[in-house]
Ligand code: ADP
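One chain comes next, on its own, written out as structure tokens in the form predicted on its own.
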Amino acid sequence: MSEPLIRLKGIERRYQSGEQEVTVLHPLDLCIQAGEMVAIVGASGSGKSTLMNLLGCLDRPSGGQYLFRGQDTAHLDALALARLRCHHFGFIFQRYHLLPHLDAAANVEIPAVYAGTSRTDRQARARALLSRLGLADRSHHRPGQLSGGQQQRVSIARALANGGEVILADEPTGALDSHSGKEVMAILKELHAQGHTIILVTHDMAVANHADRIITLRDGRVVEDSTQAKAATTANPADQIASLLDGRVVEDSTQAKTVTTTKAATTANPTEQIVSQPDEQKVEASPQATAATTAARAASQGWDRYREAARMALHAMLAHRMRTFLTMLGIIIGIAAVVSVVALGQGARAKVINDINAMGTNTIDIFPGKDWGDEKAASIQTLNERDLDALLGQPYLEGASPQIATSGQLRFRNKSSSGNVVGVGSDFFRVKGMTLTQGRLLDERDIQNRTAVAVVDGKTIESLLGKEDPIGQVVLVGTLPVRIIGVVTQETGFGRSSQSVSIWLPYSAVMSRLISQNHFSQITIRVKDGIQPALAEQAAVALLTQRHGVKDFFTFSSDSIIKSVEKTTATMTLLVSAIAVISLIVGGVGVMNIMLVSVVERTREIGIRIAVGARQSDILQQFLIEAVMVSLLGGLLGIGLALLIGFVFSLFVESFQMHFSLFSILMAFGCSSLIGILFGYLPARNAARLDPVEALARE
């Protein structure tokens, strides 16, 4: 006699119940030949479902040996057991165990996905199987739209998706009416005639009598193992079921066929019959071509598994839209906060730097005294025209201008206003980066001739001249009549109030015609582009110290302001971003909690997937992808919310705008992905490690 397909040697199964150990299956020996149709019967609690789980490698025995094709399954790891279930076993459950969010064809395809079958082939096979089982017009219906008999037929098609060498049917007619039950049994008998090994688990002797062999269990022991002698009969045309397992339609059922003859033809693995017959003209491929084909097939299978996992994750998210949104809410708020805070910090920084640049780009101010607030500064009169000429001759400077500031009464016709009167040189406006909008600027002739001319800004025009054309108008500065020759952009940088009125005159005119003074209040120099401001400042300090014989002045650089502002804004942005990151972590914890709940809710689905051949890595991948998809979608919505906040901010705040950078957006997107991976791993691992027997029993 040939080696049995299944051999059990002293198999037993014990469970721990509290402090006691309960024996469900006592040591038993059992052999099942390939092609047999066996019924395992017994009352509830007799151990028949436990035996079926052991036969289907969903559970491991507590003792004894389970040999499948002579190989001890105890030596197989989780991956090898998954492959065994995927390629050799097909399960038909009493409650069908179809995934409700997939249609009939997609349910049938699941085992083929885990077997690595190409998408085109598995879709074609699913359609063909459903068509042969009379469900061609129902392939796109979901389980909830099918009757019980139709759902069981889909379950049978799923069991045959990868060949179904051994079909394990647990109460296949238990949830069906008598007519549907007869149809299902007819299908199983036809599959048996095709050479499949059929193992029925039932308490109904009417169902068991369809089998060639009946094994009766009582209290975990085999009490009877009887073989029924059956004569060959002509199949009933009404029960004729065509099959695709060997790639062909079964011979017409009007031809007589005996069970014995059919079984004799089943020494080969029916699973292998799925493979197409080789082409007679096929040329043997080279090892390099074979390796390349294998690598391409592996890549295609990996992509199919990933795509299936992503599709399942998307189905799960759509099935619980509100829960998914609430899960994403923490991520959305966190990402929006991070991106908005960074954009706000960048906008504030740009505003401050622009204000500093309004004072003059790369400028260094030189003041008399030791530092700000020096009481002796007013008595120091060493900054003069000779210092100005010396600075103008330095190659690292682009220009230099003195300043002599005083306050005075400005009058135009019947209007008067107090304002800042500033004596400057011809380089002043270039040094400060101010733009001429009308007329002309002060030149060297004005300086040399001490001409009473002036340049004003928009605020001065608004306060004194109104709508009058400013060019050529005469304004009385104190008692000195001054003609306006130019208009520049309004100065709003540090050191200036946007509300103050200013007028700029040649410093020579101010020194000789307004105040009696031969020294400067300050000198402003502008560093050439490409020269480091710090080095230029050191050189200017050294030059003036040498000229004065003592350092009786101090400098103030716009570059130092910019660095200080950048440091301050960076610190504030980091601080607030840290707070926003905390909200991201909280959102991540929310993702983890919801995913853990999702694992509990979908325990039965996980059990079904494991039963049809899913590996632990497939389950891990599916739930991890779902967590990442939730986080990524939350990240995208968070970025969108941040951009919306920026738009609303621009409508209500005119002083500065939020600056969104691509880097901050990419960083936020990366953070959301990382959160999905980190906080989704634990739930995904828990799902992958679920016991398939317990998972299938969960409602």
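Since we're looking at a predicted model, the values are computed, not measured. Each residue number is its position in the shown sequence, starting from 1.
Another form, the form predicted together with this ligand, is not on view; read the next lines as being about it.
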| query | finding |
| --- | --- |
| Stretch from 65 to 73, 659 to 667, 637 to 645, 46 to 54 whose residues place a heavy atom within 4.5 Å of this ligand in the predicted bound form | 46 to 54 |
| Contact flag, residue 678 vs this ligand in the predicted bound form, heavy atom cut 4.5 Å | no |
| Contact of residue 682 with this ligand in the predicted bound form (heavy atom, 4.5 Å) | no |
| Residues in 24 to 42 with any heavy atom within 4.5 Å of this ligand in the predicted bound form | 24 |
